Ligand code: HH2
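Take a look at this single chain in structure tokens; it is the form predicted on its own.
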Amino acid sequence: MGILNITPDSFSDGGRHIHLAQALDAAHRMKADGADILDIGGESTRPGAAPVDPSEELQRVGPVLEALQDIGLPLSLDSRRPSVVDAALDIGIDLINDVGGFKDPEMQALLRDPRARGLGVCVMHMQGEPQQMQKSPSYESVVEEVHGFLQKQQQLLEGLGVAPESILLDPGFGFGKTLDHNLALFDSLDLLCGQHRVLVGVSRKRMIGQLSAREDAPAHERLGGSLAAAVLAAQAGASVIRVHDVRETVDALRVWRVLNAAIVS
């Protein structure tokens, strides 16, 4: 899954795709580099980010979604705003990626809309809100609590008529979690992946900087650590890897698959 942020303030690529021509160039480049799906978002949810008015968010993503209808890749909308999702359903999307975890009753109601029939959904876990989620995240058992929330939401969505195979679960690395929390969740990925379809998004995140001793480096310089995490997530059974660096990640996963098959055989 290639990340296409139409924002001025995303932690890694803020401002790079804010103009339509830039966004379209990036989308077509990611397709050429091997992306299987594009994730388009108009609100930064990095730690400390200020919320964006839904009308502004729609002004950012709407023209991009319209222009990419014929790109030949599934389009994911990264939004937690029901009004934005509602408008996007009229334009045409294939997946709703909700960092709010579909807790909002209005988001749940949209899944009953005939326009949403057959769409994929991604449920992410986040403790708190972006503005304060990293101030003092706390859990009694992060794995039990995060997995429990995700499984509960999966059951809820199935009850709303969403097919199990259309649901992705995202542990929400870095969203209200310390490094130790993130490591515990990563260590338990194989357990979650063994029961559900899982999306993993750790590309360029602070945890990658911490683990690679590159925390003070710009986010785009965390490529090596991001690739290592992507390969390990795939090895654990993740169905979707959400990344900024599509070409490099595709190459890493191709090599891993071939060599892993050779070692196993």
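Fair warning: this is a prediction, and the values are worked out from it, not measured in the lab. Numbering starts at 1 and follows the sequence shown.
Although it is not shown, the form predicted together with the ligand is what the next lines describe.
Taking a 4.5 Å heavy atom cutoff to the ligand in the model of the complex, the contact residue among 122, 162, 93, 126 is 122.
Comment: 41-49 is the region of 58-66, 206-214, 229-237, 41-49 lying near the ligand in the model of the complex, near meaning a non-hydrogen atom within 4.5 Å.
None of the heavy atoms of residue 198 is located within 4.5 Å of the ligand in the model of the complex.
Interface membership of residue 175, defined by any non-hydrogen atom within 4.5 Å of the ligand in the model of the complex, is confirmed.
The ligand in the model of the complex comes within 4.5 Å of a heavy atom belonging to residue 99. Proximity of residue 17 to the ligand in the model of the complex falls outside the 4.5 Å heavy atom cutoff. Along 231-252, residues 242, 244 each place a heavy atom within 4.5 Å of the ligand in the model of the complex.
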